[in-house]
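To begin, one chain is listed below as C-alpha cells, in the form predicted alone.
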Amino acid sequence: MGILEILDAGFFTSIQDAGRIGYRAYGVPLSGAADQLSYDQANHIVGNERGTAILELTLRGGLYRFQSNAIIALTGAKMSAVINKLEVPFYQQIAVKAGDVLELGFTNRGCRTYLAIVGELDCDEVMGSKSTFTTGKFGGYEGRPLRKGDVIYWEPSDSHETIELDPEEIPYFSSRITLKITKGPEWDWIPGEEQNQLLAATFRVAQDSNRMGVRLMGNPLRTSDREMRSSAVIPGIIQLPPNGNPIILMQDSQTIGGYPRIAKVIENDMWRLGQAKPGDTITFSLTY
C-alpha cells in the first residue's frame, strides 16, 4: 500500500470523487468534487478511471509527506507547489519518491486545487461513493476534512500511461465570473425590474460561502410575499431568501428548500461556480 502523511492539511482539504449519485430521494446530497472539470482532468492525467477518489484542497493546500513512491497530478486553481523546495508543474504527471514532501501554498485565482494519485485511495465508501460529506459525517476520511497527523493509504495501480492535456484544455480561472443561468420554477415570483436587476448586477461572493452554497452579497433583490412550500432543489439552483441576497446551491446542499428557486446555473458552468472564492465577483447571463 502507498502511504501519504498529512503534515498540514491546509484550510479545508477533503477526499472527493464524482459524487454520491441516486440518493437525493432519501435526503442525501450529491457531494463530490466542486469543480468536476478539474477533478476529471486530474484523474485523466494520471490514468485513473473516472470516479476515482482524489484530494480537493481549498484556498491553501498544506504539507504532505509521501512515504511511498507515487505518480501524482495537480489541477484546478494554481497554488505555489514545491517538492523538497523545487517547484513542480500543474497539469502534468509528477514522479514522487518515498520521503518527498509536497508543499502547497495559497491559490491565486480560483478556490480549489485537485491532487490525484495513481491508484485507489483506501477510505470510507458510503452509498457507492468515497466523497466526504462533513455535515453528515460520512465518507472519505472519517466523514471530516483532513487534519495534521492523518495518514492516507492507497492501492497502487499496476500500470499507467503518460498522458498530457492539450494546453487549450486547461481552463482559465478568473476572479470575475460570469455564469449562464436558466429560469427557475419561481422566476416569475419576482417582478420584471428585479429580474432585470439580477441580470445587470455584479454580486460579490461572501465569506461564509462553502460547499453547501455560494452566498452572494450586494444589490439585494426585492423578494416575493408569496408563501413557498419546501420543494426539491439540486446543485446550481439559485435561491432567494428574505434578505434578498441570492444563494447558489453547491454539491453538499440540502435536497429540499423553502426559498424561491428563481434560476439555475447551467451544468456546463458548474465548474466555474466551484472555483468561486470569497471576494470574487459573479454576474449572470440568461440563456434559454
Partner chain sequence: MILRSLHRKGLSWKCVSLGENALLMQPQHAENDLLYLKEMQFLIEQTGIQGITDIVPSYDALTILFDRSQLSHDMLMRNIELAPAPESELNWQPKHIEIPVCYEFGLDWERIMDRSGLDLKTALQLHSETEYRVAMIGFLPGFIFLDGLNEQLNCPRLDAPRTSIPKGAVGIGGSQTGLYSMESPGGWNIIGRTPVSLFDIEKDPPIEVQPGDILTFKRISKAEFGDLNGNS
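Everything quoted here is computed from the prediction, not taken from an experiment. Residue numbers count along the first chain shown, from 1.
Another form exists, predicted in complex with its partner chain; not displayed. Remarks below refer to it.
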{"query": "Exercise: residue 59 in contact with its partner chain in the model of the complex, heavy atom 4.5 Å", "finding": "no"}
{"query": "4.5 angstroms heavy atom contact with its partner chain in the model of the complex for residue 36", "finding": "no"}
{"query": "4.5 angstroms heavy atom contact with its partner chain in the model of the complex for residue 264", "finding": "yes"}
{"query": "4.5 Å heavy atom contact, residue 11 to its partner chain in the model of the complex", "finding": "no"}
{"query": "Interface segment, criterion being heavy atoms within 4.5 Å of its partner chain in the model of the complex, picked from 222-230, 243-251, 60-68, 47-55", "finding": "222-230"}
{"query": "Sole residue of 176, 137, 97, 148 within 4.5 Å of its partner chain in the model of the complex, by heavy atom", "finding": "137"}
{"query": "Members of 85-105 lying within 4.5 angstroms of its partner chain, judged by heavy atom, in the model of the complex", "finding": "none"}
